[in-house]
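Here we start with a single chain on its own, the form predicted on its own, put down as structure tokens.
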């Protein structure tokens, strides 16, 4: 196994240009599990931990920003999500770029990014390009990253509502892969965003529920019940070893409603 340890972004992109299909290593919290179980045998690794340009958190979120830093970051719902990621040791190593690159339906940071229609910036030695998150994540553990590219950063919109909440449901309270997770945001003008994870092949926006509740300046109990129903209808869950389709569908509506009620309180 060959390992490159570039000290800056230019060196990292040059190394990737030489070996476009190299395996990129940041925190390694997902990659090393696959290696340890024999699911992957990378021949060439480019380690990115020393690349400071990828760790910037100043209006954009560098792909190398760790969950530990996001716990105390400026984005409330993302901080809430960060606190649910593994153990303190995992949060100190794992990065938001790894969450994006792995593209698991259960990626804890993805509902927050989907709710804001975040943009993902990709870099190679020859170009930079930006993709909306719904074009970047194309399926279960599939992305639009091309050979020779790495995730540079996450670009958030200028307008981010103060009222935002994240929550997840799992088989225990801590260090758990979610059964259902959701992020709800409410703007001052009533616009509401609802994004869910672990209930479809990619992060899912509950568009009909958003449209209905956004039209209500002061949602009534009946409005909240309808919102819950629409969220439950819009998700596309499966039955697997962690939960059933019917439970995920029910929990999606309940969780989204509770998060909305927190935003409204």
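Note that this is a predicted model, so its numbers are computed, not measured. Numbering follows the first chain given and starts at 1.
This protein has a second form, the form predicted together with a small molecule, left out of what is shown; the following refers to that one.
- Checking 155, 131, 160, 177 for any heavy atom within 4.5 Å of the small molecule in the model of the complex turns up a single hit: 177.
- In summary, among the residues 144, 169, 106, 79, the only one with a non-hydrogen atom within 4.5 Å of the small molecule in the model of the complex is 106.
- Although the partner is absent from this view, residue 215 stays clear of the small molecule in the model of the complex, with no non-hydrogen atom inside 4.5 angstroms.
- Contact between residue 222 and the small molecule in the model of the complex is not found at the 4.5 Å heavy atom cutoff.
- In the model of the complex, residue 67 approaches the small molecule with a heavy atom inside 4.5 Å.
- Under a 4.5 angstroms non-hydrogen atom cutoff, the small molecule in the model of the complex has residue 99 among its neighbouring residues.
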